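Listed next as structure tokens is one chain, alone, in the form predicted on its own.
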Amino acid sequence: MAWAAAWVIAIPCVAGALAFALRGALRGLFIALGVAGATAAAAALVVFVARDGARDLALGGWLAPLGIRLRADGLSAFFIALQAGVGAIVSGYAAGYFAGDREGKAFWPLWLTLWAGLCGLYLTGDLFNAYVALELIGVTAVGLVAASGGAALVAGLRYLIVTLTGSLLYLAGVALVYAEIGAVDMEAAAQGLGPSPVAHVALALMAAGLLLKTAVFPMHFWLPPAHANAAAPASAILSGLVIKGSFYLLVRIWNDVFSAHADDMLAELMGVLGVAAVIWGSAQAIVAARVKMLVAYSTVAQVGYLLMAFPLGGDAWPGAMYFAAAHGLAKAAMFAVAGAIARELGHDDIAKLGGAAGTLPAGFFAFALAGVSLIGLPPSGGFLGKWLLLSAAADHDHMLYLAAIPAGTLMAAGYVFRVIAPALAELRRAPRPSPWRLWREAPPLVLALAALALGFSLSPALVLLSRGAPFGGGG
């Protein structure tokens, strides 16, 4: 398993460097090989973890606290599987989207380097190296937004300020941990941090920085313009994958490093922010004028469900992880469809979508299927994630979450149908489809079907999540 953990990071990193240095057909070949190799390495890692349990890898043979420790367990393997699945399909979509487009020259080095950064974040067992991965992810994500120019450049600069602020808050927490115990290894920190104010302040700083990066209400102001103005493949990556990275790290430190210091008051605060995010984000999506802005505000809302796991704990954690996977697939599909709409119709104005399903039938079908998972209808992955969250809320007799989850579900149905309803009207007036329509529609359809298929795959996911901490035993 050691080689798989190393190659999961190394392959996209090398491919990103080659995508920057090379030109022409050779560049395209190494991009394709990089995506395929990184996906294969991720699949191998998931198989190894599911079969053998959690394992550590000390890079260069140096053990903590001097060396860098990689750790592959069920939680990290779960998110690497999401990264590889969404990443491979979005890469295929991007190949067609950027064909002959100069913007694609900047996209591939940034995207592949971002891929490596996310995998590094999921595998690190070190708080400081998690910061390094966060910085790599933030800088490349900002580049993906700003590469589109115009309004996206302004949104990218705002995103840059936000991601740097979040990283600095996280780093301040890491500095406090190091000052307290003289180490930044996660396992050493979990064992060495005693019941002191330093630990609580460190957790508060790190949580604040990661919540800012995850665009949790009311710190979400940067996300809608960044996601809505970036190129469609970049938007799919940002919403489907990037915000999952900071959320993953928050879950990791909450359960592994600060489990003895995460008090109920902070947990309840995060749950309340989650409820506010569901209501506010859904309300903004309902009144949004553009498809991409609607999907972007929907991301703000869907992140709220993930935060409800913090006060609920127990079975809510697997439910939140499963919902995160379903959201990643569904939201990537929706942004890909939004990109296809803009390319095919020349706009993504919801008021002007009359009959558009005649032009992009598979695309709008994919949007509807992704909406099924986003709303949380059976038999989708989104349904199972919400069901586990609802069950945990019922076990705790927590009426706030028992009311918020169904309310968010109804509101999600409202904004999904805002796009589908006009697209299905007056189909005979639809313009003739372009010959490149299938290339633009196939990847989002695969993503949406995958989100639906998660509804039949809960047991293997729960088994994987149980391999090692924080949701299982040691092996």
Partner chain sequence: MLIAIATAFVAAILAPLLYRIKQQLATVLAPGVALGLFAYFASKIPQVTEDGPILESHVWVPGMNVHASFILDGLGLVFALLVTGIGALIFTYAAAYFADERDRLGGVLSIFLLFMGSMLGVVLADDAITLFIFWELTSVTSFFLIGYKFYTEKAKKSALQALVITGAGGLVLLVGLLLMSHAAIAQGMPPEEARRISALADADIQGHSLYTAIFVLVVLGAFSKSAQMPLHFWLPGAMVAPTPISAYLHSATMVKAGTFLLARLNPQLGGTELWFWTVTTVGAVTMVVAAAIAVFQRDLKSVLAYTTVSALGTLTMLAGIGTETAAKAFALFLVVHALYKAPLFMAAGTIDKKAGTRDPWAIRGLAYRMRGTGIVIALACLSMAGIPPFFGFIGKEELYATAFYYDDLEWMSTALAVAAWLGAAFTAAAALVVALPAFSRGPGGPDPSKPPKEGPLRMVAAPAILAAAGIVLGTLNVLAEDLVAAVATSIYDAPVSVTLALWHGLEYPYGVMLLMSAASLAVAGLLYAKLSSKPPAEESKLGRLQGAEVYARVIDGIYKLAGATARVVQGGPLHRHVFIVTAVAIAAAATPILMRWETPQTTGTQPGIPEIVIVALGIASLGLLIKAKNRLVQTAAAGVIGFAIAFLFAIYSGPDLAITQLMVETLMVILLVLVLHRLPARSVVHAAPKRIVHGVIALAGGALVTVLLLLAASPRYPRDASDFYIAHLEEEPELARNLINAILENFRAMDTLGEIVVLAIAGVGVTALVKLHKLRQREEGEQDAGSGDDAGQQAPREAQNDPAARGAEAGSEDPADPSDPAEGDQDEERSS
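None of the values given here were measured: they were computed from a predicted structure. Positions refer to the first chain, counted from 1.
Another form, the form predicted in complex with its partner chain, is not on view; read the next lines as being about it.
Note on the interface: of 238-246, 304-312, 323-331, 379-387, the segment with non-hydrogen atoms within 4.5 angstroms of its partner chain in the predicted bound form is 379-387.
Within 4.5 Å of any heavy atom of its partner chain in the predicted bound form lies no heavy atom of L400.
Of the heavy atoms in P225, some are within 4.5 Å of its partner chain in the predicted bound form. Its partner chain in the predicted bound form is not approached by A351, whose heavy atoms all lie more than 4.5 angstroms from it. Though the partner is left out of this view, D395 does reach within 4.5 Å of its partner chain in the predicted bound form, counting heavy atoms only. When contacts are defined as a non-hydrogen atom within 4.5 Å, none of I11, A276 and S298 contacts its partner chain in the predicted bound form.
This chain lacks the partner; the member of A267, A188, A81, M293 within 4.5 angstroms of its partner chain in the predicted bound form by a non-hydrogen atom is M293. Residues A342, R343, G346 are the members of 318-355 with a non-hydrogen atom no more than 4.5 angstroms from its partner chain in the predicted bound form.
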